[in-house]
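First, one chain by itself: the form predicted alone, in structure tokens.
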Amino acid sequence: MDNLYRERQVAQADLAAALDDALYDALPLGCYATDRTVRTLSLSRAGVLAMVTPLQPGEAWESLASRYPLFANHEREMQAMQGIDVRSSPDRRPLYFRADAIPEAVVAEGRGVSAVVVGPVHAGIIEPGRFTISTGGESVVHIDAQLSYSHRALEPWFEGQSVLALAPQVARVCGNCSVARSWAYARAIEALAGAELDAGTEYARLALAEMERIHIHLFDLGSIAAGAGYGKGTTAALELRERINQLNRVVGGHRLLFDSIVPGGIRPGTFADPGSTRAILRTIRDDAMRFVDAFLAKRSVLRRLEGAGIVEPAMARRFGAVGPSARASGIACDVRALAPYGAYREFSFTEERASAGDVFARGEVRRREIERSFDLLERALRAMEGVALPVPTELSVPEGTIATVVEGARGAESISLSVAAEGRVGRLHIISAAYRNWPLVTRAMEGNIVPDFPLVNKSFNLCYSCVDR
């Protein structure tokens, strides 16, 4: 199988040094706990490495977050969900809370500093989150983000469920990255079952993933246009996204491609007519690239985007940024290039990066990735013409532990799965790109002005549901 999984026992006293070595040329994926065992994950060309650290009864976890800020929320989650005592954490507040017991926000103090609160209720239909902005005049000194108003505690509910029957629920953890998450989950099950898929199915999965990437990138660019006050750009982006969503329904059975990837293959009937899909995509491609090129060249838009929300490379690395948000700061982190899987192994894939780290750079990386996605779709659909895609393979899932990673539209999406007896979930841990990138949004706003918060926030355009899973 691709993206091999390895485990290494590491004592807690040796973990910091082991992480320094492992992360030198690898992508950090975070950490999670099962009972009294902590797994710290990273991804390199060799696949996923899990450093396994058992904790003795009564032994506390010494926080890694001061050394590696990317672990802060992961550790807070271990404390909340598994009851592990986390010592020396830079943020001791509970990660999850009740509406009647919300922790105080962290605010800056000093002469001339005031606080502006955004949320938790927002305009439109987005989910709740509270942002407390400390300002000196209009300049942002600090932002404290408090999410988890709608925490669903899905992972405890997953335990004991049938691994195979759970796939539709995994696909619906959020509506943005259904294909990426379903693919990661299917690959985890298939790796444990020792299943190998045919080339046609792998091309179909790649095509589904790239169609998802296009519609999310278009939505994100439309959101950037809204943040910049350019309504015409928002309307144009949403019209293009609607065309992709309608095509999704034709080729995969759902506008957001729910259940198009299933363990053992793809949904029967998916890509029934690859030639027709290619023809429609060519038309959408011409219109999409015309819009994106014009949008990112518009002088009034550039004045808003350039220099706003800068994320320096060192900051992106410290907070474990992934996806376009990291690549806009020059970080190499595309899983399709770092550790190719499925049909991506058939292509000479290079990732798209920029260096400025600002809102414009995050938009420009998406522009290039949209173009690359259309190229990949053309090649994959051409390879599928005249090929009869098989029905999903029936799988028997043995006991075991695995972790898989795929590249979603907003970055690395990982699944860590332990299967118990009779094909039941022992532990299922899901970490999304949004979960990884949220802490970076607050840092990107420091030094900017308050009115730019919607713009900078939408240049990441992260999901709340992934945090509130």
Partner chain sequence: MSQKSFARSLGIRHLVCGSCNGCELEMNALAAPQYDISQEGWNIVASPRHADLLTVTGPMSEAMRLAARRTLDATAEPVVVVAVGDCASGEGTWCGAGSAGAGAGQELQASVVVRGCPPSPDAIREGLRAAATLLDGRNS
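Residue numbers count along the first chain shown, from 1. Fair warning: this is a prediction, and the values are worked out from it, not measured in the lab.
The same protein also has a form predicted together with the partner chain, omitted here; what follows describes it.
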Quick one: does Asn176 come within 4.5 Å of the partner chain in the predicted bound form, counting heavy atoms only?
yes
Any of the heavy atoms of Ile280 lying within 4.5 Å of the partner chain in the predicted bound form?
no
Does the partner chain get within 4.5 angstroms of any non-hydrogen atom of Ala297 in the predicted bound form?
no
Is Phe97 close to the partner chain in the predicted bound form, meaning a heavy atom pair under 4.5 Å apart or at it?
yes
Interface residue in the predicted bound form among Ile284, Leu238, Ala165, Val117, criterion: non-hydrogen atom within 4.5 angstroms of the partner chain:
Leu238
Partner-free chain; cross-checking the partner chain in the predicted bound form, the single residue of Pro128, Pro390, Gly136, Pro313 with a heavy atom within 4.5 Å is Pro128
In contact with the partner chain in the predicted bound form (heavy atoms, 4.5 Å), from 341-349, 241-249, 395-403, 355-363, is stretch 241-249
Neighbours of the partner chain in the predicted bound form among 132-159 [non-hydrogen atom within 4.5 angstroms]:
Ser148, Tyr149, Ser150, His151, Arg152, Ala153, Leu154, Trp157, Phe158
